[in-house]
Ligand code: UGY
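Heads up, the chain below is alone and in the form predicted alone; it's given as structure tokens.
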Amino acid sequence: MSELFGHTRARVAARHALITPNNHVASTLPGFTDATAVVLISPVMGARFAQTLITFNKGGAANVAASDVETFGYFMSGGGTLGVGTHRQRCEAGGFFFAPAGQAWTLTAPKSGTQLTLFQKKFQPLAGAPAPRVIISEVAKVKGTPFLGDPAANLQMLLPDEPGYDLAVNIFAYQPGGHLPFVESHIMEHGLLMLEGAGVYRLEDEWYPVQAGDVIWMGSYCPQWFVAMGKTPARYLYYKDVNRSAL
């Protein structure tokens, strides 16, 4: 009802943004057929990466050409046959993949309604470091660890912690009442998708109620903090840039 009067939880500021499912406007993108795309975060708003939600209709497919852009994809629902270079594997909800720069990737025969969240950026090579490799896996196979020893905050690292990778993608899971131990402010920027549950996110000097389906952009040095609220656990998927000099 509040949208009838121009109200929204969305906010786009200089160093952070909150986009809710009620704000989505779908479009089409090259490389995707019989699918809709919602570009949620992009360089237009000041980010150095893009976060996109792809929804496949019946008969849809992805055929993304090789370029200097690297892609991390997470299957929110549905599934399909994923191909990255010479690698082919069936992926279902909770599956994920990493296509390094220079590798084409495809998705064939996705189930109708399959939703895929993509994090994409231009790759920055690091002299002397091995190039990132293709990864196709699922979240259930990734062991989590308590964040800074706190059992109420569990962290799963989905990509290898190796110098060749210039991005990291993790899943944070919180028990009700679990929270980040302090307000962070750092050079890494984030793209974040709430997977389940609810909570409150502090972004700079604002506090935002957030829930499953919400997307957050946090620019470099944006003060940030989260607490899980309610009676069920909260989980979010998030991107950050890593392993490269600031200069």
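Here the structure is a predicted model, which is why all the values come from computation and not from measurement. All residue numbers are counted from 1 along the displayed sequence.
If you look for the form predicted in complex with the ligand, you will not find it shown, but the lines that follow are about it.
| request: Answer for F32 alone: is it within 4.5 Å of the ligand in the predicted complex, judged on heavy atom distances? | output: Close contact is absent here: in the predicted complex, F32 is far from the ligand, nothing within 4.5 Å, heavy atoms only.
| message | M218 versus the ligand, in the predicted complex: is there a non-hydrogen atom within 4.5 Å? | response | So M218 counts as contacting the ligand.
| Is E184 close enough to touch the ligand in the predicted complex, meaning at least one heavy atom pair within 4.5 Å? | Looking in the predicted complex, residue contacts with the ligand include E184, since a heavy atom lies within 4.5 Å.
| query | Quick one: does F49 come within 4.5 Å of the ligand in the predicted complex, counting heavy atoms only? | reply | Outside the cut-off, so no.
| request: Given that the partner is absent here, state which listed stretch (70-78, 138-146, 109-117, 166-174) has heavy atoms within 4.5 Å of the ligand in the predicted complex. | output: After filtering at 4.5 Å, what remains is 166-174.
| message | Between the ligand and H179, V200 and Q211, in the predicted complex, does every residue show a non-hydrogen atom at 4.5 Å or closer? | response | So, no: the whole triplet misses the ligand.
| Residues within 4.5 Å of the ligand in the predicted complex, restricted to 230-247 and counted by heavy atom | Going through 230-247 in order - heavy atoms within 4.5 Å of the ligand in the predicted complex - the hits are Y236, Y238, K240.
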